[in-house]
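One chain comes next, on its own, written out as structure tokens in the form predicted on its own.
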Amino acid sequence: MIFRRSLFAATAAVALIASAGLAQAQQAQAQQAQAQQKVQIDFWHGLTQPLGGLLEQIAADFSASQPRFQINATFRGAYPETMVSSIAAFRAGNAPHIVQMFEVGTATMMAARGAIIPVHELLRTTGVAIDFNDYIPAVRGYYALPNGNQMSMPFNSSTTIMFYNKDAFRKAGLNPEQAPRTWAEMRQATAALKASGHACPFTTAWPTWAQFEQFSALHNVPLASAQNGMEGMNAELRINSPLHVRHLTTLVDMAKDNTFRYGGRDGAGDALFASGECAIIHASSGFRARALREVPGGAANVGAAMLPFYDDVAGAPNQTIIGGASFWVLNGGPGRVRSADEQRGIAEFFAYLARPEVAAKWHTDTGFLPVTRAAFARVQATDFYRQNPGADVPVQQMLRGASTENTRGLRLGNMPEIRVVIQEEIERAFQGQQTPQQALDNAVRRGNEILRNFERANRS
């Protein structure tokens, strides 16, 4: 009898579990069916973890906040790979609705007339309103035409700052609360780190962005003519100036004495600091989320400071320029215009991104800039900056100095290709195959050829 009761109880329990499992499965199927009934909007991005996961969560939160639209956010490789794959997808007739494009792809995207739907046209067509006057001018202007018409949706804007390992500073006898301010102090600090046994005192991520593009703005010198390309496609590179040659010479000399390690192209250098291998890095302010998570010792061991400068250069230090990316709206392919529902969904998603609470949370979670005044004010009203020393460094650096034609940003055609050229030439200098002057002369010559090709291909 006891056996039968136990058997009956066990059978009932199994049935109950199966019933609960079936209910959960049915609920999941119902949720999936509901999501599939929404207007589907594909969104390709180029952010690795943890940033990619945070961005995908924003897309998921928007999708859950309303019943009409589903944003399907997927990682498509780093920024250059995302750019190439989205162009190929457009030509094949299956482009994503939204693509995240890094800032140096702006000129290329603006020239892709039939492929894109400018944001100002999208908002006019759909009747959705976004107050771009609330956006930080340096952010808004980078992705707008001279008349102020917004071409893409600003989102993850960053600037280059300096991160340093406080524990490495302590072991070298350096003040862990005081980073080097000038390049002379950088030489002293990296020498002390080397003497303490640190094998990699200093590295850089995004070498062309950090050591040439940001360097130029910081010292208020042009990277290119025609206001860095903002005035038109006839721009020519200016990175073989005496100051640029001086700076590359500094880096080459530091590489020779093992106080600087070239970490590789684009964002490859990030891993060297995240692992604790290198003590100082110049990197995107958006690197903060990864640094806090991965650097041995955690957040208490990560210092943040403004970029160093040459203090004998008149006007330095000035403000830096933005990096990061914006969101571009693509048609499906040649002759494939987006439907009214698709355009409305994209516009509603962009309006969601502009909300102060969304922009503020993205800033505090990642280290990217608060792109609107309302978002910045929202964070200032909290204890976030007091509780997270250094989190306001990129904002303060962007507000320092004066806004000039050298700090508005860049609009150079095929800039990603130009970056590759610059990296190739400076790598030869680091390898001792040519002098810094020869490297930058070659980079200017080859880069100008790319600019002229772009100009010929896109002249109306």
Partner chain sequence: MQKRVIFPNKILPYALLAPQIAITVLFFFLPAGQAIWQSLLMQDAFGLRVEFVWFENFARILKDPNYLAAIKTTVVFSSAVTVLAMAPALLLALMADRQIRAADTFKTLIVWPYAVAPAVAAVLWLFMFHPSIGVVGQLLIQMGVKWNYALDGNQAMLLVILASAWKQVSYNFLFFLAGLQSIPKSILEAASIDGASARTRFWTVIFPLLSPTTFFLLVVNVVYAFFDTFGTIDALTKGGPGTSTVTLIYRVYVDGNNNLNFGASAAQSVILMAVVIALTAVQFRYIERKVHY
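Residue numbers count along the first chain shown, from 1. Basically, rigid core = biggest C-alpha set you can superpose within 1.5 Å across the two forms. The structure displayed is predicted, hence computed values, not measured ones.
This next part talks about the form predicted together with its partner chain, which is not shown.
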property: Residues Ile87, Arg91 and Leu330 all lining its partner chain in the predicted bound form, heavy atom within 4.5 Å; result: yes
property: Option from 222-230, 143-151, 108-116, 126-134 whose residues, in the predicted bound form, bring a heavy atom within 4.5 Å of its partner chain; result: 108-116
property: Partner proximity in the predicted bound form: Glu427 to its partner chain, non-hydrogen atom cutoff 4.5 Å; result: yes
property: Asn406 within 4.5 Å of its partner chain in the predicted bound form, heavy atoms; result: no
property: Touches its partner chain in the predicted bound form: Gln431 (any heavy atom, 4.5 Å); result: yes
property: In the predicted bound form, Arg187 touching its partner chain (heavy atom, 4.5 Å); result: no
property: Among the candidates Arg344, Lys361, Arg265, His120, the residue which, in the predicted bound form, approaches its partner chain to within 4.5 Å (heavy atoms); result: Arg265
property: Partner-contacting position among Asp42, Glu417, Glu56, Asp392 - heavy atom within 4.5 Å of its partner chain in the predicted bound form; result: Glu417
property: Members of 275-307 lying within 4.5 angstroms of its partner chain, judged by heavy atom, in the predicted bound form; result: Glu277
property: Displaced residue check between the shown form and the other one: Gln380, CA, 2 Å or over, core reference; result: no
property: Large Cα shift (2 Å or above) at Gly276 between the shown form and the other one, core-fitted; result: no
